[in-house]
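To begin, one chain is listed below as structure tokens, in the form predicted on its own.
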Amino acid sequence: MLEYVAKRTAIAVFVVFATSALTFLLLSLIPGDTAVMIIQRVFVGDVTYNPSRMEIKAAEEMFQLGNPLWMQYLHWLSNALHGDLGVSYISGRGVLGEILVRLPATVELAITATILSLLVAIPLGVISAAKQNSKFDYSSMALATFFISMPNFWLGLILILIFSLHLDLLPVSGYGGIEHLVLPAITLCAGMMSVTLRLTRSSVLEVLRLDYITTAKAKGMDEKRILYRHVLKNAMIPVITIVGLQLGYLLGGTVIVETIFAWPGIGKLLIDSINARDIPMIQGCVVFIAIVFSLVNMLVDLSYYFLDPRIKYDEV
């Protein structure tokens, strides 16, 4: 078990390192002079300002932009290993501090959407499998297909149009009470629910065809007991995998939904940083998302041991 955890940790560290290096390289290829952009946006506040050579050189020395790319990356990596992800070019505040300020909003939205999707998807998926080829099954699959085919941005705009503009029941955007959480959570929940529902149904159907389930039915065991005590637990492993991946993505930052609803999370921070060409903030957000995704993925893999004791990590 410990050996497996060590291997997965090593893989996660490599993934984060590779992500940071690739992101740093791609950001360096962005057209334009970073020193000029910093002077225009930070020091002057006018994007039309044409800085002098002396001003550009001073900015390059201040932010170490004149060094070779590999030296810049090693300097950033050294600071990152000590918990310093740099300073925002726009706000002048620490990148890590900005991310941690935005994290609670993203966590609130991600957890709410995940819980809603599970409350809907798992019961519907189990019942659809138990009543295969029934009207309920066809209706559930049609519902899942409809929402899985619907882009998040389109669904969000439709919900705003109906519940905010026409019915005036919920706010259009912003962050505050539970009324602000409803529409973005439903927007995120729809796609997750559809994937989880379909996977739950197929996984339960696969377990229902196994020999030990057939034996339990032959012995006269109650079908509900078979379904919820023996089938559901074994069918949850692939479901937990996809839910974990989705949760990792959501915790990393729901870019489109947070932008549509002006939700002050990490996804909105990333989009604003890209628009402002705030390179340290972009780098920090991408690395933070990679860390969260790798950590959640590793925890999901470890959860298999508790769901199915037959899984032995020492043999992996």
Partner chain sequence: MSLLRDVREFGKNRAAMMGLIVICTLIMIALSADVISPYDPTKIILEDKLQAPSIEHIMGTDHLGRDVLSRIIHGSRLTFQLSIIVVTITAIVGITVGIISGYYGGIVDEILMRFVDILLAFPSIILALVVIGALGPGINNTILAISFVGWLSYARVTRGSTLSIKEKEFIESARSIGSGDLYIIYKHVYPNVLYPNIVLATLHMGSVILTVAALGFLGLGAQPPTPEWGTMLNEGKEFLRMCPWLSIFPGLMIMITVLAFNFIGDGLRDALDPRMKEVVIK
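Here the structure is a predicted model, which is why all the values come from computation and not from measurement. Positions refer to the first chain, counted from 1.
One more form of this protein, predicted in complex with its partner chain, exists but is not displayed; see below.
Participant: Just to be sure I understand the contacts: of Ala58, Val36, Leu26, Leu65, which is the one whose heavy atoms reach within 4.5 angstroms of its partner chain in the predicted bound form?
Facilitator: Comparing distances to its partner chain in the predicted bound form, the residue within 4.5 Å is Leu26.
Participant: At the 4.5 Å heavy atom threshold, is Leu165 in contact with its partner chain in the predicted bound form?
Facilitator: Within the cut-off, so yes.
Participant: Might Arg102 be said to contact its partner chain in the predicted bound form, defining contact as any heavy atom within 4.5 Å?
Facilitator: Close contact is absent here: in the predicted bound form, Arg102 is far from its partner chain, nothing within 4.5 Å, heavy atoms only.
Participant: If we define contact as a non-hydrogen atom of the residue within 4.5 angstroms of the partner, is Pro280 a contact of its partner chain in the predicted bound form?
Facilitator: No.
Participant: State yes or no: in the predicted bound form, is some non-hydrogen atom of Ala262 no more than 4.5 angstroms from a non-hydrogen atom of its partner chain?
Facilitator: Ala262: no, not in contact with its partner chain in the predicted bound form.
Participant: With the distance limit set at 4.5 angstroms and only heavy atoms considered, check whether Thr145, Leu161 and Val255 all reach its partner chain in the predicted bound form.
Facilitator: Every residue of the candidate spot has a heavy atom within 4.5 Å of its partner chain in the predicted bound form.
Participant: Going through 261-296 from first to last, which residues have a non-hydrogen atom within 4.5 Å of its partner chain in the predicted bound form?
Facilitator: Contacting residues: Leu270, Ile271, Ile274, Asn275, Arg277, Val286, Ile289, Ala290, Phe293.
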